[in-house]
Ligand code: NAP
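There is one chain below, alone, in structure tokens, taken in the form predicted on its own.
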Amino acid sequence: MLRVGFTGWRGMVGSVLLERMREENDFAGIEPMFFSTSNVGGAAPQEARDGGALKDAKNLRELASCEVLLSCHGGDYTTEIYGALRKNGWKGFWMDAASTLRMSDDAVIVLDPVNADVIRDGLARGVRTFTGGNCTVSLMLMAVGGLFRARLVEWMTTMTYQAASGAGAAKMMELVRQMECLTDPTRATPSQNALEVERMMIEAQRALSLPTKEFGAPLAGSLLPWIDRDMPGGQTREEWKGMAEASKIMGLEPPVPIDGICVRVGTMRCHSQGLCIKLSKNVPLADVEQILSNSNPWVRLIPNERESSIRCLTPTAVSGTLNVAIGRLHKLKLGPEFLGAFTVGDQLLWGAAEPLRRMLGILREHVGN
């Protein structure tokens, strides 16, 4: 039975991963060990089969006893531990939610509904490092990966609307605290008009008392048009990932140009994206819809009309589900080869935990064979 070590399982991604594994009864086929950096010796989750005690996540000998290590701990942990394990001769499978190893030549970014062939090829070549992709990139490919597979995308822009949870639990809580601060001073009475309420809101947002340590600026009732650090050419690193990671996930050679602007918005969970796709040829809209609908079992094609869009094409509609909704599909006035679309999905599921959960199942089958 495959021995799998879990680190970072208390965090948001790790918690969602364990929840999904319990739902799918994945623990029945493995021997799980749970590691911690802050509570060594404490009580492990109920699935632990080694006495229920947490192991030391910095102990290379204990880590190396696992055939698979699955880390949701973050990039700093990966930087400290991964190289040391490999240097000491550990040849197990490393799986990681962090971005640290994604672009390494000896790593495969996993999203098996769209790149199962790339994963199989990596296993055949002896690849031992598998990472989850950037959340917005993974969700974008879940929605329109069928067009990439059909070689119908010449280039694409993606304008993202990313939830607070994509930045971590501390930022989610700061958004909630900001909302609380804005509620009392903007509570309207029947005699107050909209402009008065708006003025009170702006005053509260600009007040020095509003908590902004995590985001650096108000997000509640606003947005932040910058995510991650700056890159050459005016991009942020989050925007750079669109082309770099999508090309690697899909095995696209030459890479397909993808660019856009990534924006943080005041939603708690789920990332949305507005897409402009330059098709390589004029494809009838009905054919595009068929390609997208058949690309994987989780795509939900939403009719391009008002009622369906506002009911089904929102974070509220898809949060906590594996559905990746895509709608607003229409040809743009730019020309018959230009396609507009809007997509939304839960970044804690297909954008983070679910690809790793499914990759663990693939490894179980691979090792068993």
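Keep in mind that what you see is a predicted model, and the values were worked out from it rather than measured. Numbers follow the displayed sequence, beginning with 1.
One more form of this protein, predicted together with this ligand, exists but is not displayed; see below.
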- Flag this candidate site as yes only if S36, G74 and A352 all have a heavy atom within 4.5 Å of this ligand in the predicted complex; otherwise mark no. yes
- Query: Out of the stretches listed (66-74, 311-319, 327-335, 22-30), which one is close to this ligand in the predicted complex, meaning heavy atoms within 4.5 Å?
  - Reply: 66-74
- Hey, in the predicted complex, does G168 get a heavy atom within 4.5 angstroms of this ligand? yes
- Message: How about G8 - does it come within 4.5 Å of this ligand in the predicted complex, if we only consider non-hydrogen atoms?
- Response: yes
- Message: So, A97 and this ligand: in the predicted complex, are they within 4.5 Å at any heavy atom pair?
- Response: yes
- Item | 4.5 angstroms heavy atom contact with this ligand in the predicted complex for L18 | no
- Query: Can you pick the one in C135, I119, L147, L175 that has a heavy atom within 4.5 Å of this ligand in the predicted complex?
  - Reply: C135
